[in-house]
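To begin, one chain is listed below as structure tokens, in the form predicted alone.
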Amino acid sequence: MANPAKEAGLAAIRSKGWWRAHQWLFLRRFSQLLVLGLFLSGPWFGLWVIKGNLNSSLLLNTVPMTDPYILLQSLFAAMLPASTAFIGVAIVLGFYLVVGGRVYCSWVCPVNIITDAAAWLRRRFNFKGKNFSINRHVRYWLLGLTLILASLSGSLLWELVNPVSMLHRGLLFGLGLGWYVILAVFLFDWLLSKNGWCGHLCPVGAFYSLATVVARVRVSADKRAQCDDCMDCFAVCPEPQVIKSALKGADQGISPVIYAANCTNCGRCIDVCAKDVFAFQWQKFIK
């Protein structure tokens, strides 16, 4: 029996060639590894392009960059950051307000490589696992919980177990017990819940989805009339619930642009579509 998930993208490879069927996936991996490489080049090779980590850093000894989620936790913990932290937040938040907050998840976050590997194994071997059903709104409850814990503890308590922070710190200083957390995320996604961590639980992704409301860079199904219902885009999308209305909403007058906050702009739907239904599009502020 054919495995539709395993075969997702094969038609695109035949019609567009291997590169065009993987170009956004390749560019995402390059971006993720480049970000890691810039942070690691200082401690490993003495080339200090960026000092710090994903939470707070200094680019070329001049430009501060601060994770707005970290700043928010700090404020809830009654910890007043330095003024440069607010400048760094303005720079980072301004960027994500334009390109979409969850671009962080698909183009920057190193844990995405781990969860994508788990998703690939599921498709490759048609392994469905237990696939526990978890409401996607749980991540927003967990986001609120991290802020409550910061307020009650007076510290960035969540960052002690945040897989993103642990993996990044671990690559710099050694993972130690952090390996168990990263392994747990991988096994959870592979064996227990499809796209479970990033798609249902991660409060970091939940926070950045809030910065997608006014994003100008969007995926659009402008050629949705050409769709042949192969379902390849649904098979590879980490947030497949965002596709349906844009792809199938023509009769209801729904825009082909995916405006859903949790679209990660990963571009995989563009890659695997043999009919070139999807494309990135710049949205004007005033139509």
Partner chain sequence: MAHQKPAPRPINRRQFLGETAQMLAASSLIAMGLMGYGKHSHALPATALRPPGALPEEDFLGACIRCGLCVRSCPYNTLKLAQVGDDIATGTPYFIARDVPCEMCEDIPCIPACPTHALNHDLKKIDQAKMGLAQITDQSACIAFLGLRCEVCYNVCPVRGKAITLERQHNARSGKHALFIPVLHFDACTGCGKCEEACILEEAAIKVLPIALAKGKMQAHYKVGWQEKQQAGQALVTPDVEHQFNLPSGKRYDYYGEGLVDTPEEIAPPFANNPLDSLNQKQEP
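Everything numeric here is computed off the predicted structure, so don't read it as measured data. Positions refer to the first chain, counted from 1.
The discussion below concerns the form predicted in complex with its partner chain, not included here.
- The candidate spot formed by 121, 126 and 226 lies out of contact with its partner chain in the model of the complex, as no residue has a heavy atom within 4.5 Å of it.
- For the options 211, 85, 185, 92, the one in contact with its partner chain in the model of the complex, meaning a heavy atom within 4.5 Å, is 85.
- This chain appears without its partner; in the model of the complex, the one residue of 158, 190, 107, 207 with a heavy atom within 4.5 Å of its partner chain is 158.
- In the model of the complex, at least one heavy atom of residue 56 sits within 4.5 Å of its partner chain.
- Using a 4.5 angstroms limit between non-hydrogen atoms, residue 51 touches its partner chain in the model of the complex.
- Of the heavy atoms in residue 31, none are within 4.5 Å of its partner chain in the model of the complex.
- Looking at residue 250, you'd find a heavy atom of it within 4.5 angstroms of its partner chain in the model of the complex.
- The stretch from 93 to 101, 107 to 115, 190 to 198, 134 to 142 that comes within 4.5 Å of its partner chain in the model of the complex, counting heavy atoms only, is 134 to 142.
- For the partner-free chain shown, 77, 79, 80, 81, 82, 84, 85 of 76 to 97 come within 4.5 angstroms of its partner chain in the model of the complex, judged by any non-hydrogen atom.
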